[in-house]
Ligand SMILES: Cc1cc2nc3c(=O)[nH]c(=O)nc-3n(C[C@H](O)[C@H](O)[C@H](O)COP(=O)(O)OP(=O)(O)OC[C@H]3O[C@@H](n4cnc5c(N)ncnc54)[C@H](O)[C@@H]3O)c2cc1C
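The chain that follows stands alone, in the form predicted alone, written as structure tokens.
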């Protein structure tokens, strides 16, 4: 099948990119792995699992889903995109097996994935990510087994802790890498989005009202347990995230929910070798874009948190701009009409910068976090590669992350380096005494997501195999 434009991702960026392009007259196909639009932040509840509590995220997600449903966009939900090839052919595994669409233009709006900096015991059952906890709460109306310690950095700490409490759960403590002063310094910038600041204050008041201790400038030292997480030990850290040697404190737990910010999911631009740059504030390597979301590859656009962590509101606007740029480049919008539609989005996006910069700063990786990972701790959980093995590879001659992959198999498991990549790269850079960007980034290649070979092949038997007739003697 052929179309004018393919959009990968149905979150705030991808959904609005598709709507803007379709409204300008392009035929658009949208792929998303989830059963409905919304992405992570506006995730739709599963059937029969609707949260009875209203929320701004639910309302915005419902509005996007309604808009897409009434639009001419060809919606392909429940598809796992495993290959994107030249001429922008997209192959995806869907309910009826493999399907493909080809278009001269493609917008990658694949969002971000969470970062968890390893610590002893982080692979035990009962340790889950902050983003995973939001899926439980938003999509399944379920909560992690309590008592729960919520640890890490950024606004998801308060959001998840308050969500668990609202769902009737037991939060034993909130453990924040940031100091109270860090949050106070950020408040004037957060005040540029009054509604979100008020929402955050509401979470904070809920946590305080339940008497949950909030331990600033602390981090998880280790998790203990025989078959699953039973106890979490925390300790104070300095402004870099390194442990100070102060007194430890332990909590008996049913679950530890932990997360250390987000990493842009830029696999598609990397697959096409688009130009990138390293931006620590924005979560890692991000594609170089013009003001409208064009990459260095003709016909390839990108938007949303996959091009740098900025949040849902910025993703809406940047997705809209990318969709309009695709329509303009296809000749469906005149210069004057394009400007008329794009300028409001550009102006609004510029106004979001103070808020998004402050939030991104609170979630950015701190140097001391990686320095504190013990040598025997597993970093790549898919291939059981430890920090010590990464450092040994550096001694043996690995000077960039793809050599590290060859030496250790780090990043070669089902997650393809999404969970371990940034931490492994930081460890390698520290071992070599170079800056993080000097060790590069993983090379992307299909399959972009793990897919069962049997599902791609379908059902067949030997009678389906064509056997040529014997050649004449």
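All of these numbers come straight from a predicted model, not from anything done at the bench. Positions refer to the first chain, counted from 1.
Beyond what is shown, the protein has a form predicted together with the named molecule; the following relates to that form.
Taking non-hydrogen atoms only, residue 111 approaches the named molecule to within 4.5 angstroms in the model of the complex. Although the partner is absent from this view, residue 13 contacts the named molecule in the model of the complex, with a non-hydrogen atom inside 4.5 angstroms. Contact annotation for residue 422: none of its heavy atoms lies within 4.5 Å of the named molecule in the model of the complex. Of the heavy atoms in residue 441, none are within 4.5 Å of the named molecule in the model of the complex. Here the chain stands alone, but in the model of the complex its contact with the named molecule, taken as any heavy atom within 4.5 Å, falls in 28-36 among 400-408, 427-435, 28-36, 65-73.
For the three marked residues, 9, 57 and 134, a heavy atom of each sits within 4.5 Å of the named molecule in the model of the complex.
Between the options 282, 260, 218, 138, the residue in contact with the named molecule in the model of the complex by a heavy atom within 4.5 angstroms is 138. Between the named molecule and the residues 380, 81, 175, 256, the one pair within 4.5 Å by heavy atoms in the model of the complex involves 81. Shown here without the named molecule, the chain has no residue in 229-259 lying with a heavy atom within 4.5 Å of that partner in the model of the complex.
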